[in-house]
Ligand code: UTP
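Here we start with a single chain on its own, the form predicted alone, put down as structure tokens.
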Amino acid sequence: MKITKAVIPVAGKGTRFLPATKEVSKEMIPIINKPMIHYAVMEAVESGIEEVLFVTSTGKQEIENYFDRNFELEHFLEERGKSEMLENVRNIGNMIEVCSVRQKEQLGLGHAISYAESFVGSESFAVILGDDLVLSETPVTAQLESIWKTHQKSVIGVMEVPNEDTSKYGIVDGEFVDGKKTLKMNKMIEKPLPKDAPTNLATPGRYILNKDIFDCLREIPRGVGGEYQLTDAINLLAKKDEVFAHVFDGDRFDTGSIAGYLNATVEFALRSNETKEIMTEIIKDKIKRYKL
């Protein structure tokens, strides 16, 4: 058995990136020459995912269009002999099967995931939050799938954070069952103060969920902010069945904020052979110019 479907919620308004997101989906803002959403989908592809469902909202058609073929552009590039660009564009259109469903009212991450029930059917599925990009040798979703294959239970990706930062994240409570990497989860606590946090293991937005999560989503009431929280559904699932958390390997970037986006842009540029030298020279020049 393997995980073949992934759900990527993209219905948010991206208010922290206004005014750009007045007309452009936040997920389509580029890091170097690829939009943020490209990296999230590439993680899915490299993890063996065959189909992606975008949970969208009004004005998000450009995301699905990006992963479609653009024959006019392909013809334009072919006529001008731009073979490398042509191949790159075609590869994007062929990289994975995508579909979308519109979330007519944004009522939380749990509400968004509930729209995927008919898409995933009885299968377990991945959830990838496009705001959180991870650079890793093995894709995070593939890392979680390996734990899912062992236990056949839902698995949440977690990462260590400084103790003083626990109030920024959902924090997992549980007991390690596999060295210091995999826990059997008791519950998740949303943004606890450092003195109240049971661990420093935070949930940045990677999941493998079994179909039972949909029953839990139907049972939970509205939570924080009047929204249906995925955290509440996972906590309910953990009372009914085993849920695991796995400390993944990789460097995570929160591109949902301006600071995180800038950090990711610099880091991605420095890790690319094509842009490393350029970015290095830019940084050196700015340090000298502004006497930083």
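Here the structure is a predicted model, which means the values were calculated and not measured. Quick note: we count residues from 1 along the sequence shown, nothing fancier.
Note that the form predicted together with the named molecule isn't included here; everything after this is about it.
Of the stretches 182 to 190, 214 to 222, 92 to 100, 129 to 137, only 129 to 137 has residues with a heavy atom within 4.5 Å of the named molecule in the predicted complex. Across the proposed site, Val10, Lys13 and Gly108 without exception bring a heavy atom within 4.5 Å of the named molecule in the predicted complex. Mapping the unseen interface onto this chain, Ile208 falls outside it, with no heavy atom inside 4.5 Å of the named molecule in the predicted complex. A residue is said to contact a partner when one of its heavy atoms sits within 4.5 Å of a partner heavy atom; Glu27 meets this definition for the named molecule in the predicted complex. Contact check for Val158: no non-hydrogen atom falls within 4.5 Å of the named molecule in the predicted complex. The closest heavy atom approach of Leu201 to the named molecule in the predicted complex falls outside 4.5 Å.
Interface residue among Val120, Val172, Ala112, Leu144 relative to the named molecule in the predicted complex, by the heavy atom within 4.5 Å criterion: Ala112.
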